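Given next, in structure tokens, is a single chain: the form predicted on its own.
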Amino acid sequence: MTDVSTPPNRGSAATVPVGTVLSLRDIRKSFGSLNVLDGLNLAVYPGEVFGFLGRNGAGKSTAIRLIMGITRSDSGQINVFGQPLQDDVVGIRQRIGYVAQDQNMYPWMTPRVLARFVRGFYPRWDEQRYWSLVNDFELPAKRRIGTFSGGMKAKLALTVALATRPELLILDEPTAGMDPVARREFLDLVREQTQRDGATTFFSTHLIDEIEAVAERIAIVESGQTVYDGALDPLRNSVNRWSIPMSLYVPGALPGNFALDSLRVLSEGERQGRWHMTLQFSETTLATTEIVLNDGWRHDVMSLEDVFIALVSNA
């Protein structure tokens, strides 16, 4: 049951949604015989922090390279700021702040030299903001970047991105290699700065806790396809797990008064003396059905990570 939902009155998966900052429709990309993206769809709206979630190799970085115009899709439509990306790749990129997974900055540069190097590429470059962020992030202005830690490099990349006064901030696995303390600090900085600017943020990661910390809506990608596109709470509610002691389990039985056409079985099997079933429901079913469990069945609590694993394992 693929759920590619859109907010009310904002369009559908078949058309470019109205009022989007970024939309991908039926994007396909192959490298030789390898299909990396196979009909990817998503929509990002103004002012939101959008989480792009998928395990490593799911196609997230390829999608971002397409959005940035670094490479081109084989088919499909990418719209940024309401216009097709291919109409003005350079102009659109100048309106985007980008923090890559790998911070490929010249190691001999200092933050002072880096500012002089990059500011000519961005018409909206804000020198005062750059130095304010350098100070806020406690980055040594005269120290060579090659001596910076991974967390310091990520902060510097975020500083450069925010100093361009971006209308869209794209973060591609920016906390890779950071320790938990540095990760949390970086996420706090992202949340504070985006709330301050009201900028739209596209945050790509495979880490569930990062999504929960910053995102309002998410897309889950698996095998190059959109498994889910929507808010977090409906996602949590749509996937549920129940269990029953093996002594009471009847093969083929469902946990409650569910119609077979309203659900999808994501997983089932025996574990630690109980039969477990994980089911995905449509939002309509959950909203209109009063669930009555059959004798012996127990509703088991699922974390967002549990939900994510259940979905991508059955994509």
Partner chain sequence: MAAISLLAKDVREHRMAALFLLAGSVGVVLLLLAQNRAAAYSMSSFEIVRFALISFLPLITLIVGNRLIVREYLSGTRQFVEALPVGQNLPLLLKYATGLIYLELVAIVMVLLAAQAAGFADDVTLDYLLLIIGKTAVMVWLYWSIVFCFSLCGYLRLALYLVTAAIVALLAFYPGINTDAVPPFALMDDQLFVFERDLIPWFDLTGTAVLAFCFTAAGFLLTRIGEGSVVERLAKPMTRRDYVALGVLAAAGLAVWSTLLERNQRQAIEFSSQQVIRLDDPFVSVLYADETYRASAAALAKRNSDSLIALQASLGLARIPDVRLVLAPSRDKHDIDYATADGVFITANWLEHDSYDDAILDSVILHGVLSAQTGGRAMFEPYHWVLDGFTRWWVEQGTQPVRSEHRNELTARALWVLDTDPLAVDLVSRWQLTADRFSYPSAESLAWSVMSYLEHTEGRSAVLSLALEFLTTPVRPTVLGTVTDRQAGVAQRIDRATGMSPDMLFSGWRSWLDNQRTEAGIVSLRDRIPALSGSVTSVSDESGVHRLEASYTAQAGIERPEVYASGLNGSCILKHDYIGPFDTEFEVADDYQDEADCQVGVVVHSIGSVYSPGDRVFIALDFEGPDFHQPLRLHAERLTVR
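Numbering follows the first chain given and starts at 1. Since we're looking at a predicted model, the values are computed, not measured.
Here the subject shifts to the form predicted in complex with the partner chain, a form of this protein not shown in this document.
Out of the listed residues L139, A199, L114, L158, L114 is the one that sits within 4.5 Å of the partner chain in the predicted bound form by at least one heavy atom. Listed residues N237, S132, S149, Q94 were compared with the partner chain in the predicted bound form; Q94 is the one with a heavy atom within 4.5 Å. Although the partner is absent here, H276 is not a contact residue: none of its heavy atoms lies within 4.5 angstroms of the partner chain in the predicted bound form.
At a distance threshold of 4.5 angstroms between non-hydrogen atoms, L232 is out of contact with the partner chain in the predicted bound form. Though the partner is left out of this view, M68 does reach within 4.5 Å of the partner chain in the predicted bound form, counting heavy atoms only.
In the predicted bound form, the partner chain sits within 4.5 Å of a heavy atom of G120. Shown alone, this chain has one stretch from 165-173, 101-109, 213-221, 187-195 that lies within 4.5 Å of the partner chain in the predicted bound form by heavy atoms: 101-109.
Against the partner chain in the predicted bound form, the set K29, R72 and V90 is in full contact: each member has a heavy atom within 4.5 Å.
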